[in-house]
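Okay, here we've got a single chain as structure tokens, the form predicted alone, with questions on binding and movement later.
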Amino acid sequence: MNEISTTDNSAPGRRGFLATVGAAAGAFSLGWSLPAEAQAAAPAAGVEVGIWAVIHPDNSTTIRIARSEMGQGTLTGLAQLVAEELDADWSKVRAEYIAPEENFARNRAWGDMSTGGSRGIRASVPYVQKGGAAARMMLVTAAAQKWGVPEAECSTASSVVTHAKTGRKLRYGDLAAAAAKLPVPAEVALKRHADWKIAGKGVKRLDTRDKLNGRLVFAIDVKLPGMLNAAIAQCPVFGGRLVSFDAGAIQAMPGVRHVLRVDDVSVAVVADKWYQAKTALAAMPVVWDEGPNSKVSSTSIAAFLKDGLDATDAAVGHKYGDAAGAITGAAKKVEAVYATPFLNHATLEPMNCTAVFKPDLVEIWVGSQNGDASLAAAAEAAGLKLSQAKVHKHHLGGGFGRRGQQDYVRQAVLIAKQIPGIPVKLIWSREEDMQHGFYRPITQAKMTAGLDAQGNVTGLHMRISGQSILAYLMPTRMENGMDPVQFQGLAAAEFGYLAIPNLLIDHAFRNTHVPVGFWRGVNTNQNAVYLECFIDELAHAAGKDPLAFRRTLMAKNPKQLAVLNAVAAKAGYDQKLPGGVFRGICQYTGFGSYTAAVAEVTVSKKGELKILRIVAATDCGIAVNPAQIAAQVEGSFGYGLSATLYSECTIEAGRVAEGNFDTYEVLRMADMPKVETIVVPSGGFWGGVGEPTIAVAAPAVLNAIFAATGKRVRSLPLKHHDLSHA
């Protein structure tokens, strides 16, 4: 296994850099607009060679990107894969989104545009690679025909074709027109990974400069001539409806142009400026029918879920042997109940979309995790055909799964449809964004296991009770009444402890009225807390070291064990820690990748927690850009530790109580620990990166807290717990 350590002590780390510039953040404006000079920076029109590469006269290359970029680096990674097979000059590569309507018009030639589940890169290979290789072959053929030589005598490098025998050279820019007329090869050979010069390298991201200089326009920054701005309010209780509103009460307020019923549950105010729309909307009397869910609370939901822990109506996700019998006959029985809350995606950029409606065309400007779905949502809301819709895709100011849903696109079009020909930008307020999301599901888990006299696990039963994402969003993807997404990291191909002789993992559906969706890491986050903290409990009950205990149980899982060993070695697990410092360890598998982490913490006698250091290892099989992987791992800990320490959504009177970052707390810079990442690409498969590692953030810290205090924390967030020493 090749191990790549991404820690460089000679250079300032990402966290250190952010800490340095944080004080200056107020000097930057978030209201970016595209300068005129940026438009002039684009190269002269090029020629499409194949469908993935456009070659320009100046010998630069534009690579088409079907997926969405939301900070995870997919745009650069995909460009690397195409450029590698194309043998392009990386210094002259740029990338651009494929328009969803063009993908539709060309019979989805660029494939799936959905970007979630850490599939941005791994679900795009090998067809993007083949696109680059095909373009290279077409350019070689064009050169060989021009010279009248065999193609086998021609080679490529840095966007130049060379004839070996004569030394003649032709730039791609000079060959593109002829190459574009050739048929696209059906079969192409891809390079060996050992021969990669662009892919597999930690090259700089293609979009960083434009983010820093303000040229990159996010959807919330879009400005169009004559544009109006809309703010929206939806029934605060999920399942309720809009009864009435008094438009006359605000009609004379500054800037107000329209007050519109959007649908059965929402009303919008359209004004010259967004703050005018928001202010008027807040002042307008609105009557809601809150419906039957107005009495639901976090307390009633918790009781509902608790009932599922011992219910008989459970869907089985993974089973072998006789877990119940093994536990009953064990020398020692260990049992614990865990719980995790609803969580909001809390993207920096709230939901927004700009739309223009005309009788024969609807046009939108949007940050979306699925351009195809946005196209379909816009057309449907407008009552038009797909061929009458147009989508301008923008980078996302955070996605984490939230922008895979298209509710905000539909709303923007429904508003614009009532004001034909006028561009309208809909922006959700932060409160609307917090209180009308598709939340990470709330779940509880009852963990039960048996140990023999030697401290060996005889059987394990894991009962999960809670909401199902697929049952809510995609019921047709349920499998015989079972939600396979619920068992992420626990199914036979992923479960890390196959040496346990008897196993039962099942799920009792307890769906509430709260809408749920795909949150970064999806169900691996909750499942990893339950499994990895309970494995730690079993090690303690058996009187064994947590690492050694895991190694025994993972004897049949070599890839998981290799990552666990890598992180233990990097963390110096066998070395004595300084006084007052304690560590926790865990591992988990998800989204096709193997991850592990060690957390080092201190906890004062008064219960003050300080996370000092995280060491995290990831085996994603093939590493396209190790530097981006390291950044994603570090970022996932920032996100995961927010959920561990602070974040939660509670339900009061049927609605989400938290309305902004004063009540929905997230990690501060002072809380962010040093994160040391190890990329251990074992090869042979394509795993995800953006989501897998978040799963090990919480259990690593929780296990370290137990080592420090002797207290088991079995529910999140930590802010509710007294960590003073037992």
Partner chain sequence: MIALTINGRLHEVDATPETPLLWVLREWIGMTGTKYGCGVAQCGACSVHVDGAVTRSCSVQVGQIGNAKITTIEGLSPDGLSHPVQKAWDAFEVPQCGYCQSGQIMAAAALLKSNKRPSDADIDAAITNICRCGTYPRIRAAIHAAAKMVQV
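The shown structure was predicted, so the numbers you read here are calculated from the model rather than taken from an experiment. Residue numbers count along the first chain shown, from 1.
As for the form predicted in complex with its partner chain, it is not shown, yet the points below apply to it.
Using 4.5 Å between non-hydrogen atoms, is F591 touching its partner chain in the predicted complex?
-> No, F591 sits far enough from its partner chain in the predicted complex that none of its heavy atoms falls within 4.5 Å.
Is V47 close to its partner chain in the predicted complex, meaning a heavy atom pair under 4.5 Å apart or at it?
-> Residue-level check for V47: no, no contact with its partner chain.
Quick one: is S642 in contact with its partner chain in the predicted complex, heavy atoms, 4.5 Å cut-off?
-> Contact check for S642: yes, within 4.5 Å of its partner chain in the predicted complex.
Consider V666 of the chain shown here, and say whether it contacts its partner chain in the predicted complex, taking contact as heavy atoms within 4.5 Å.
-> Close contact exists here: in the predicted complex, V666 approaches its partner chain to within 4.5 Å, heavy atoms only.
Name the stretch: of 654-662, 680-688, 49-57, 696-704, exactly one has residues whose heavy atoms fall within 4.5 Å of its partner chain in the predicted complex.
-> That would be 654-662.
Pick from K191, K273, H318, R106: which residue has any heavy atom within 4.5 angstroms of its partner chain in the predicted complex?
-> That would be K273.
Answer with one of T340, Q632, Q488, Q369: the residue that has a non-hydrogen atom within 4.5 Å of its partner chain in the predicted complex.
-> By the 4.5 Å heavy-atom cutoff, the listed residue in contact is Q632.
Those residues of 214-231 which, in the predicted complex, come within 4.5 Å of its partner chain by heavy atom | If the 4.5 Å heavy-atom criterion is applied to its partner chain in the predicted complex, 214-231 yields G214, R215, L216, F218, I220, D221, K223, N229.
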